[in-house]
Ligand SMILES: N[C@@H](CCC(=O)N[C@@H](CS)C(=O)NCC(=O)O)C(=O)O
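Given next, in structure tokens, is a single chain: the form predicted alone.
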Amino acid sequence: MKLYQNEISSATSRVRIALALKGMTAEALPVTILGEEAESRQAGYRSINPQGLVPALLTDSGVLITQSLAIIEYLEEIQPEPPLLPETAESRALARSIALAVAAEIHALLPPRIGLHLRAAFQADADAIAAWSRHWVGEGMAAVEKMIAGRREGIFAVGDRPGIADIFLFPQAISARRMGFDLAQWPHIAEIIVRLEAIPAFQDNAPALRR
């Protein structure tokens, strides 16, 4: 398998964590994502992934899978052990709800292309773009905290083993902390992140700092 990726990308981080938890490997194919001239915005990469996003996984049979949740569910299907989804239908639904709250409601408003559009369309400067990002991270993480608190059973987000909810939560929480948020305001999330940081699959695959 081949993984089109960027090390600062939270979405890439999710897939790398899932691969590590399952003991699987994929050849890393770096794609730059920052700035107008980023490879992700160019025709060459758009011919591979029309969305111009990372990550994208090229399977051994030559099929391209995009979107981190779809990639991780694919990995779950081809290698079920160790499982990344809980045992019951209700718990699996909760885990997916948390994952989507991060991917679709928080992270979707933060990528570099969003900042570029805010700058081009609304003349937003760096401070305004940072304020935009902080607003959606703060609001979104507070909602995820309530989701976890309302039905938490176990030491991780959903249950007693790290799974898909933690895989999505971890990179977003690390990024929030780097933005200056004190995770202690979200006590369930803070406790979970401490546990996850002790697991090499998570710690070794956290999103890299932007250069």
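A residue's number is simply how far along the shown sequence it sits, counting from 1. Note that the structure is predicted; figures quoted are calculated from it, not measured.
Below, we refer to the form predicted in complex with the named molecule, which is not included among the displayed structures.
This chain is displayed alone, yet in the predicted complex one of 147, 174, 33, 57 has a heavy atom within 4.5 Å of the named molecule; that residue is 33. For residue 112, a non-hydrogen atom is located within 4.5 Å of the named molecule in the predicted complex, even though that partner is not displayed.
Contact annotation for residue 96: none of its heavy atoms lies within 4.5 Å of the named molecule in the predicted complex.
Of the heavy atoms in residue 16, none are within 4.5 Å of the named molecule in the predicted complex. Within 4.5 Å of some heavy atom of the named molecule in the predicted complex lies at least one heavy atom of residue 11. With the partner omitted here, the stretch from 61-69, 139-147, 157-165, 180-188 that lies within 4.5 Å of the named molecule by heavy atoms in the predicted complex is 61-69.
Within 4.5 angstroms of the named molecule in the predicted complex, the stretch 19-44 places a non-hydrogen atom from each of 33, 40, 41, taken in sequence order.
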